[in-house]
Every structure is written in C-alpha cells, then in structure tokens.
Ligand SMILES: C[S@@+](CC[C@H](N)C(=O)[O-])C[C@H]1O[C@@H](n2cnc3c(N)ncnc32)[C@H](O)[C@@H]1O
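This document opens with one chain alone, in structure tokens, the form predicted on its own.
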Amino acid sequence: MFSRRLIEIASLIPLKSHVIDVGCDHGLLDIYLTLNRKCTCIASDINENCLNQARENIKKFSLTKDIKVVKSDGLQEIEYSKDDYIVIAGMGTATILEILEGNHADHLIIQSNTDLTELREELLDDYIVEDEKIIKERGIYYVIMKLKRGYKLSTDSDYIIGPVIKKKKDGIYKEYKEHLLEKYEKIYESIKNTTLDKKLEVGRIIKIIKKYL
C-alpha cells in the first residue's frame, strides 16, 4: 500500500511535525506519517473523489480523529504556520509554483513530475535545498527535495542537476546523472537544424552534467 516514493518523502519529514499534504490523493502519506513518524497531518485536495477515498483509507486505519481532511484549492482554505511542513508531490512544476505563490512556510517537501530546472530556478530565490533524494519506479526517476527558507548563491549546476545530487557520485545518483546526460544528448541531436543559440545552450548543459559524473 505504501510505495517507496511515499516512504522516501516521509523520511525527509522530522518526527512529530505538523504536515500539510497538498493534493493528498488517497491520503496514504498522511496515514504513514501519523502511524510511523507521529506527525499531525492535514490531508487536502481539490478533488472530492480523492477526498472521499482518503476518508475511507483513514477510517480503515482508525485515524479519523487524528487526520484532518480539507477540501482546498492549493493552500487557499488552509491555516498553517511558518513552522509547518508543506508537502506537494506528484504535480507539475507550473501547478506547484502557482500553489506556493505568496506562501509563508519555512519548510517544503517537493516532488515535481515536470521541469525540475525551472522549479529550482524559482524556489532557490527564497529557499535552500537541505536534501534531495532520487528513486526509480517503473523506469521513471523521481527527485524529492527538502527545502528550508533562506538564501544561498546558486549556480547553473544547482539548477540543472541539483545542489545535493551533483555532489553524490555513486548508486542511483550517478545513474540519474547519466540519465540526464543521455536526455540532453538526445535533445542536442534533435536540434541539429535549429538556431545556433539553442545548440550552444544545450551543449553547455551537457558539459555541466559531464563535469559532475
């Protein structure tokens, strides 16, 4: 029931934290956090069907009194403090950034299904990456980021690869960087007849990734 991705997300959240799970889907993360990390959770979603399924799952584990279920578009209907952990996982970067616009949380756990470079470029103006984890499920790489509010000068390699990922050279981290390199090499091959500026930009990204392999 609890996927490896869900368990890795939970592992980044300190024991006994207060957690806002935005886009909770079936509420499984909230159940796992309540049972295994003694967290207090709010499970929120805009989709009533997801919320009904979450309520059923929460009831199965006898946690109805422990996990609050809220219908909300992002964070709009939720009261939270800057010390709470906001979790947004399984959405696209554009949606994540829209949800986080104007937020005042100091702690974020983010897993985007789309453009990680854009996500980092936006978030690293206001947050520092404390940790990054990579998992691979069904042939797909998932990057999970733990961020805290603050500022640290970032480089292109931080945006493209990830400030934590780029420093790790073994196991899944090396495999992921090889995957990134292959991805951009394919892009380079596909734009042979495009503008010189575009080719130079992709070539620059390839050089950056190779440097950290």
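When you see a residue number, it is the position in the sequence shown, counting from 1. Since this is a predicted model, take the numbers as computed values, not measurements.
Keep in mind that the form predicted together with this ligand is missing from the display, and what follows is about it.
Visitor: 146 to 154, 164 to 172, 40 to 48, 53 to 61: which one contacts this ligand in the model of the complex at 4.5 Å, heavy atom to heavy atom?
Guide: Contact-bearing stretch, as computed: 40 to 48.
Visitor: Classify Thr93 as contacting or not contacting this ligand in the model of the complex by the rule of any non-hydrogen atom within 4.5 angstroms, answering yes or no.
Guide: Thr93: no contact with this ligand in the model of the complex.
Visitor: Is it the case that Ile209, even though its partner is missing from this view, gets within 4.5 Å of this ligand in the model of the complex, heavy atoms only?
Guide: It does not: once this ligand is placed as it appears in the model of the complex, Ile209 has no heavy atom within 4.5 Å of it.
Visitor: Does His26 reach this ligand in the model of the complex, with heavy atoms at most 4.5 Å apart?
Guide: His26 belongs to the contact set for this ligand.
Visitor: Does Asp106 make contact with this ligand in the model of the complex, using a 4.5 Å heavy atom cut-off?
Guide: Asp106: no, not in contact with this ligand in the model of the complex.
Visitor: Within 4.5 Å, heavy atoms only, which of Ile135, Ile99, Leu119, Val129 is in contact with this ligand in the model of the complex?
Guide: Result of the distance check: Ile99.
Visitor: Contact check in the model of the complex: Leu124, Asp158 and Leu180 versus this ligand, with a cutoff of 4.5 Å between any heavy atoms. Do all three pass?
Guide: So, no: the whole triplet misses this ligand.
Visitor: Can you list, in sequence order, the residues from 68 to 91 that come within 4.5 Å of this ligand in the model of the complex, counting heavy atoms only?
Guide: Sequence-ordered list: Ser72, Asp73, Gly74, Ala89, Gly90, Met91.
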